[in-house]
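Below you will find one chain, with nothing else, as structure tokens; this is the form predicted alone, and questions on how it binds or moves follow later.
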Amino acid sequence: MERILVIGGARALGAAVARRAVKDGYDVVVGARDLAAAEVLASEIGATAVRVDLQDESTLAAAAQLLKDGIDHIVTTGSAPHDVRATELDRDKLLAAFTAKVIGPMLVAKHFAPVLRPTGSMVLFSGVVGWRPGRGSLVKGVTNGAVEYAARHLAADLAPVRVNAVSPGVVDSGAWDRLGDKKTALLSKSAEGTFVGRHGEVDDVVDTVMWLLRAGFVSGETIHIEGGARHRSA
């Protein structure tokens, strides 16, 4: 049975990946900053849990040591949004955003490369805003865009381990529930901006991640899951 570590696996898209991976027969390890939340989900779905905080390299080293008998795949979904204009940037929050998306996954590679099996893979998470600049999305855009290069260069550095990224568009993952009644309008507007005429669903993203785990001849790529939104005029 192949083992997969899902970082950020206690909530949202990470939890959805963890649930599907268990269903598909993987030995799943739920990694999260909040170990208690990871343990709750792990108990529910028949997985194990480990503390992984992308902002704390010592937790990465400890998790790699705990899983030293070998791991096949790593999916990292971490993020630390800092959605402000350039004049409002906070240095610490800026560094946290880059750590969650870029620096953290590179340090994951540092500590887990010795235990990743040669036929295994890493899947990083980017996002459509990396290709659609706009006011207030400076940090999210740059960090998401950087993930494409991180995947490409990690693929070369870790070969034959495969490294790819997924870049979702607007997905009804629960992240927009905080908008209340405005959520429907946001999703409708997003649907109008795609070629396929709908917004994304959680399964769209999870299906792609699971395919990448098995796609043995795909490495260094970023797979866009946004219905063609990048190619529509703003």
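C-alpha atoms forming the largest set that superposes within 1.5 Å between two forms make up the rigid core. One-based numbering along the sequence shown. Computed from a prediction, not measured in an experiment: that's the story for all the values here.
Keep in mind the form predicted together with a small molecule is missing from the figure; the text below concerns it.
Candidate spot Leu13, Ser79 and Ser173, all three touching the small molecule in the predicted complex (heavy atom, 4.5 Å): Every residue of the spot touches the small molecule in the predicted complex.
Partner-facing stretch of 67-75, 154-162, 122-130, 83-91, counted where any non-hydrogen atom is within 4.5 angstroms of the small molecule in the predicted complex: So the stretch in question is 122-130.
Contact flag, Ile7 vs the small molecule in the predicted complex, heavy atom cut 4.5 Å: Judged by the heavy-atom cut-off of 4.5 Å, Ile7 is in contact with the small molecule in the predicted complex.
4.5 angstroms heavy atom contact with the small molecule in the predicted complex for Leu54: Taking the distances in the predicted complex, the answer for Leu54 is yes, it comes within 4.5 Å of the small molecule.
4.5 Å heavy atom contact, Lys183 and the small molecule in the predicted complex: So Lys183 does not count as contacting the small molecule.
Proximity of Gly169 to the small molecule in the predicted complex, heavy atoms at 4.5 Å: Yes, Gly169 lies within 4.5 Å of the small molecule in the predicted complex.
Yes/no, Ala36 Cα shift of 2 Å or more between the shown form and the other one with rigid core fixed: Moves: no, less than 2 Å.
Yes/no, Arg178 Cα shift of 2 Å or more between the shown form and the other one with rigid core fixed: Comparing forms between the shown form and the other one, the Arg178 CA shifts at least 2 Å.
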